[in-house]
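Okay, so here's just one chain, in C-alpha cells, the form predicted alone.
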Amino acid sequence: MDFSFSSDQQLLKNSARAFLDEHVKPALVRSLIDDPRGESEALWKEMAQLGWLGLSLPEEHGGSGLGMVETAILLEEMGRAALPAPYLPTILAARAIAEAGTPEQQQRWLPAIATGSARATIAFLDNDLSWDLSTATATRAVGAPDRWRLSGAKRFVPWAHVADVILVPARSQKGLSLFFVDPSTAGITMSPAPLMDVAGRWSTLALDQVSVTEMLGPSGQVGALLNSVVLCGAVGAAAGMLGAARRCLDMAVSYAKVREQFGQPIGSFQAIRHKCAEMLLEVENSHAATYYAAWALDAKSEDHAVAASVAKAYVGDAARKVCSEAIQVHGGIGFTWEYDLHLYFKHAKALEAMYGDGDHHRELIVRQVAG
C-alpha cells in the first residue's frame, strides 16, 4: 500500500507551506493577539483566491470538490504557522450546509464561503461542555414550523464574533434540531471566552428568546449530521496539532544544533538526542493516525469513526508532549513570552479540547469497539 501523498497533494502542501511561511510569520500572529477581530481580512481574501475556502465544497457551488485528506494537509500547515483564522469552523459549517441544506440554503451560503465573503461557525457546546450532543444539548427551541424562539447558553463558540451565520443546535419538540442564527439578532448576548491560545477567539452566547425562521436539515433528526461534523472537526484539529508539534520539533532540533554547553552543541548529548528521537516518533505516529483518519472519512470506511477518535485522542496527547519537550530542550528561553514556542504550544493545547478531548474520544472508541 502507498501511503504517500499524490503529486497534486504534495503540490498543495508545498504551496501552502510557502504561502504561510511568507505571509504568516510569528510577528503577524503576535500583532493579531491585540487586534479586536483577531484575524486578517486581507489574508482571508488571499486564502479564498488560492481556493482554500472552497477546497472541500462541491464544484457547482464554487468549490474544488476535494476531500478531508486535502483539508487536513492545509490544516496541518496552518497549525505549523499557528494561523489565527476562522478556517476550521467555517469549513465545518459549510460541510453541514452542503450535506443537509436545501438547494436555496446551499446557493446562499456555499458560494459566499468559497469566495471569502462569508464566515460561519457552529455553536456545539452548552453549559455542561459535553460533546455527546444527542443527550447534552439543553438549549431549547419553541415555536411553530416557520418561526422558533431559542433560549439557552452556548459555550466556547469559535470565532462567533466574526461569523455571518451561526449554526445552533437546540432541542425542539421533535428532538435535536439545527438552526441558522444571525449573530445580530435581538436576544443574543456575546462575550469573549479566553482560552490558553491567545491568538484564537472563542465566545459565550446567551440566547434569550432569539427569533429564528430557518432550520438546517430535518426537524429533530440532526444528531447523525452533528456527530459526523464533529468527527471531521476532530480530524481537522488533529491535523492542526500535528502541524504545531512538527514546528516545535523542528525548532528543538535546530536549537540543539547551535546551542553549546561545555564547548559542544547540546544535540551531541545523549539525553537531548533521545528526547528529540522520542519527539520524532510521536510526530510520525501522529501523522499516520491523522491521515489514515482523513482517508477513512473520505472513503466512508467501516472504521472511520474509530479512526477519527483514535487520531484525536492520540495526537492530542502526542502534541502536548512534543511541544512541552521542545520547551525543555530550549531551557529557560523556551518559557519566555518573547520566544515563539509558546504560540505553537498554546495553539495545540487549545485544539486538544475542541471537538472532544482525549477522554471523550477514548470513551467513543470503547463504545464503538464494544458495540
Partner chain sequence: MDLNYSPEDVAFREKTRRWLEENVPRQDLKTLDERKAWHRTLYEAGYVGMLWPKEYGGWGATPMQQAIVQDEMARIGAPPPINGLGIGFIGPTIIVHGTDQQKQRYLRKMLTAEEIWCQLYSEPNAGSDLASLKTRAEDTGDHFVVNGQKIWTSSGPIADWGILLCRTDLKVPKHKGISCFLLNMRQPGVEVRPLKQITGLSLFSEVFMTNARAEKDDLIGRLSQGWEIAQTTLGYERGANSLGRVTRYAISYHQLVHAAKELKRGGRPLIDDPVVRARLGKMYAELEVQRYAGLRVLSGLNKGETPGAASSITKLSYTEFEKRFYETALEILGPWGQQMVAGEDFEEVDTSSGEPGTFATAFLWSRAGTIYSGSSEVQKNIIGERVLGLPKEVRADRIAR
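All of these numbers come straight from a predicted model, not from anything done at the bench. Numbering follows the first chain given and starts at 1.
Separately, the form predicted together with the partner chain exists; it is not shown, and the next lines address it.
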Legend entry - the partner chain in the predicted complex: contacted by all of L129, V168 and S211, heavy atom 4.5 Å: no
Inset, instruction - Report the residue, out of W202, F180, Y292, W109, that has at least one non-hydrogen atom within 4.5 angstroms of the partner chain in the predicted complex. - result: Y292
Legend entry - The single option of L343, V306, L43, L55 touching the partner chain in the predicted complex, heavy atom within 4.5 Å: V306
Legend entry - 4.5 Å heavy atom contact, R17 to the partner chain in the predicted complex: no
Legend entry - is_contact(E284, the partner chain) in the predicted complex, heavy atom dist at most 4.5 Å: yes
Inset, instruction - Tell me, yes or no, whether V69 is in contact with the partner chain in the predicted complex, where a contact means a heavy atom of each within 4.5 Å. - result: yes
Legend entry - in the predicted complex, A277 touching the partner chain (heavy atom, 4.5 Å): yes
Inset, instruction - Just one of 56-64, 314-322, 29-37, 331-339 has residues with a heavy atom within 4.5 Å of the partner chain in the predicted complex, so point it out. - result: 314-322
Legend entry - Residues within 4.5 Å of the partner chain in the predicted complex, restricted to 336-371 and counted by heavy atom: R362, E363, I365, V366, R367, V369, A370, G371
